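This document opens with one chain alone, in structure tokens, the form predicted alone.
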């Protein structure tokens, strides 16, 4: 840790990178290093020097080569747009979906060690960390619910314990995710077509969205490219059918709400975030396209209401900054703690 003090002394032109790597897109932001002693409160708005985006970086979805390529691309582009190079980086936090254990972390760390100088602090976590930090301004405490292409609930206590629920991908049951909602809608159309399920407005709506003339074409469309994001993109059609009164679509969304709320409750219970009596206050950060407000069928509001019914003092938060900035703030906060522990001021 001794070399860190040298770097901090030369940190005036240094930058911190935050990466949010999801199943649909990967974002990197470049922030100026904010001296610990001079900033008791972070500036609002935060100064973003550079920002870049690329495709999916979840290795489970696109493979290791494409995942690494996406991460390296956004980092290089964000630095270029900020007018900086790799030597200016003091720390980088990568919150990447699909990073679920130590071997996943080590894989991404090895990719990054090839790109950055040895002094750079590199933190690799699941994208839930970036999402939570976007609502807590870099602090790792509370619960985060991500519901986009995939879904996961993840919680952290102030003493470092953590727990997660869902986040195991579409095959293993992320039914509250965009993929889960859309895949159930596609299944409902197929079942209605062959007589195993009730007729549904989803049939005409999805056929129109996909440019198909018959439900028979759905099978070919689905397996031609079963990427998670491609299927999850159909969620707005499911919501519009539910808002129009379709019972099948309504049931699909209601089940998704139950799954998402259940994931949060599982994390809260395992970590005792609400205390022994369930009445302690704790943040619940809500992130992802599935949770964004709609006209009448508001999944995010329904999930929030369910959480508050179980934990009245929970504090739902819709972040004001994006998860990539949350990742950068997490890196800044972690560096600050490490410097304090090691006596560097």
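Please read these numbers as outputs of a predicted model, since none were measured by experiment. Positions refer to the first chain, counted from 1.
Below: the form predicted together with another copy of the chain, not depicted.
Inset, instruction - Quick one: find which of 189 to 197, 134 to 142, 237 to 245, 83 to 91 has residues within 4.5 Å of another copy of the chain in the model of the complex by heavy atom distance. - result: Flagged stretch: 189 to 197.
Inset, instruction - Answer with yes or no whether residue 263 is in contact with another copy of the chain in the model of the complex, where contact means some heavy atom within 4.5 Å. - result: Yes - in the model of the complex, heavy atoms of residue 263 and another copy of the chain come within 4.5 Å of each other.
Legend entry - Contact flag, residue 154 vs another copy of the chain in the model of the complex, heavy atom cut 4.5 Å: Residue 154 lies outside the contact set for another copy of the chain.
Inset, instruction - Indicate whether another copy of the chain has at least one heavy atom within 4.5 Å of a heavy atom of residue 128 in the model of the complex. - result: Contact with another copy of the chain, no.
Legend entry - Contact label in the model of the complex: residue 173 to another copy of the chain, heavy atom within 4.5 Å: The answer is yes: residue 173 has a heavy atom within 4.5 Å of another copy of the chain.
Inset, instruction - Consider the chain as shown here, without its partner, and state which of 231, 108, 249, 79 has a heavy atom within 4.5 Å of another copy of the chain in the model of the complex. - result: Among 231, 108, 249, 79, a heavy atom within 4.5 Å of another copy of the chain in the model of the complex occurs only for 231.
Legend entry - Candidate from 165, 257, 71, 273 lying within 4.5 Å of another copy of the chain in the model of the complex - any heavy atom: For this set of options, the contacting one is 165.
Inset, instruction - Let me know which residues along 72 to 92 have a heavy atom within 4.5 Å of another copy of the chain in the model of the complex, or say none if there are none. - result: Sequence-ordered list is empty.
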